[in-house]
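Just one chain is shown here, as structure tokens, and it is the form predicted on its own.
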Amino acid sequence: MAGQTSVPAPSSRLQEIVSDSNRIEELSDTDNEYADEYEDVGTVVDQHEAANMAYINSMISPIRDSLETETSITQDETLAVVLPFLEGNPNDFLLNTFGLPKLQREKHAAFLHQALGDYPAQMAAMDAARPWLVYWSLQGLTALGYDISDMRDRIVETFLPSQHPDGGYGGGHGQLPHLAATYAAVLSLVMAGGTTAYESVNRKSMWHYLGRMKQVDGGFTMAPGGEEDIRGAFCALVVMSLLNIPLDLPPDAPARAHGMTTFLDKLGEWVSRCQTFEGGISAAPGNEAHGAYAFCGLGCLSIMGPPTETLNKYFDMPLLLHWLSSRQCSPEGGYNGRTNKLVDGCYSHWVGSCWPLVEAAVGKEVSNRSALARYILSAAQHKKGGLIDKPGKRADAYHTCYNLAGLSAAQHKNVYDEATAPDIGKSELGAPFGWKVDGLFEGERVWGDEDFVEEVHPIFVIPYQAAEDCRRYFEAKEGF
């Protein structure tokens, strides 16, 4: 579809919309008793579309490079697909007071409940990703405001077989442990909450497992003998912080033979080396900067200590600000993950949720929240439910979870205040419990009251209360 159609300039499309010859109400010139009502509806629809057109026109760069490349052609094709959704309402959703599609809460919830069900045989290739499917679906449901407590037993029983005897979680029974699966499993259990869920985690074997992932250069591998990258550092610290795992390395940690004593030894310096010449954060030193790795790097440092201290110490913040800002696509409003890449709804979180952490470090708000929310509501909702990468793509739990997390970050003011939770987080890796929501975003809004999603912790990406309850439980527990 994208390659077969050309997109007229926004200014010509705007003139077409406001032209009298194309007004919808002219079609209501009949004796129908509801003619006046139809005319009013048509006028409102035209006004909304005209306003959207004017906004898009104002967001398009007036400078265009005449050199065509494979990248620029693909971008133009993508824009041809996305623009009709930003300007109009091809899905025929009900509109909010700002003329944008309402959040399709019930449809998305139904999609996520289905994602928690059984899968056909052809999905066997996703077997190792089962913890992620559970996490994405549960987090999406909680963001939409749905209670998942009735699934607690089911969640616990799902992860008991995938916990490895040597510590950590694999994708399922008999699979080797992996930090990505461990991260998703622990977050799912923390969301489930309650003593049964908490006690299902073998924290002592987890401590030893994480000790084996610690590397002599400061970083973490994702699995025994696996790749060392910034995901490992972030996932490890998320698990340690929530479960209140000791900061000292276990006696059998290989890094101890090289003089290391704690999980944080050389970690800040290793994360710092992941910042590239562009300003973004890469998977490992020397690699290309990427939006998801930026979130992992910022999250890791924000667990190590207050972001005002750690981020300014280990990152070139002006350079990082420039790179993050450059990820917001214009006129789409959503984010891409790398330089010269396309807009993708998942980066609503991976890049969009970087902003609370960055803004806490620099002391001012610098992100364009309304542009992101406009993309999510207009272009990232699938007609049948679930959220997506971009129009024309299929919905999945991954994009649903992270679009909603990005929308939450746009709507709520997540701020760092060390006095937030005085009864928890005062010991090791307790910095994440200094976050709170300080009301709603007060600037330009494009969402109505019916479009709000729930508050999401900016580091853990689960409900605030779930994170605090878990940490409080393990701080009160003596030993493992």
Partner chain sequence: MAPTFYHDDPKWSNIKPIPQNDTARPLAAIAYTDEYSEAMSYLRAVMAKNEYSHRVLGLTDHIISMNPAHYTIWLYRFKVLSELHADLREEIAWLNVTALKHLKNYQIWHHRQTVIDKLGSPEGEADFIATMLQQDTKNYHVWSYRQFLVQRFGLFDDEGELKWTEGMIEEDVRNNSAWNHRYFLVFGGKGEQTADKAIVERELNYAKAAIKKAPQNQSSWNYLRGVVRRNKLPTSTLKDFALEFADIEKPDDVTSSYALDTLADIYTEYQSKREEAKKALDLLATRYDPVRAHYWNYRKRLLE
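Positions refer to the first chain, counted from 1. Predicted, not measured: the structure shown is a model, and the values here were computed from it.
Below, we refer to the form predicted together with its partner chain, which is not included among the displayed structures.
The stretch that touches its partner chain in the predicted bound form, counting heavy atoms within 4.5 Å, is 168 to 176, out of 195 to 203, 402 to 410, 91 to 99, 168 to 176.
Taken together, the three residues Val216, Arg394 and Glu450 lack any non-hydrogen atom within 4.5 angstroms of its partner chain in the predicted bound form. A residue is said to contact a partner when one of its heavy atoms sits within 4.5 Å of a partner heavy atom; Ile60 meets this definition for its partner chain in the predicted bound form. At the 4.5 Å threshold, heavy atoms of Glu68 reach its partner chain in the predicted bound form.
Not displayed here, its partner chain is approached by Asn287 to within 4.5 Å at the level of heavy atoms in the predicted bound form.
Although the partner is absent here, Asp229 is a contact residue: one of its heavy atoms lies within 4.5 angstroms of its partner chain in the predicted bound form. The partner is absent here; in the predicted bound form, the one residue of Ser272, Ser330, Thr308, Thr261 having a heavy atom within 4.5 Å of its partner chain is Ser330. Scanning Ala283, Leu357, Leu83, Ile388 against its partner chain in the predicted bound form with a 4.5 Å heavy atom cut-off leaves one residue, Ala283. Of all the residues from 334 to 364, those having a non-hydrogen atom no more than 4.5 Å from its partner chain in the predicted bound form are Arg338, Thr339, Asn340, Lys341, Val362, Lys364.
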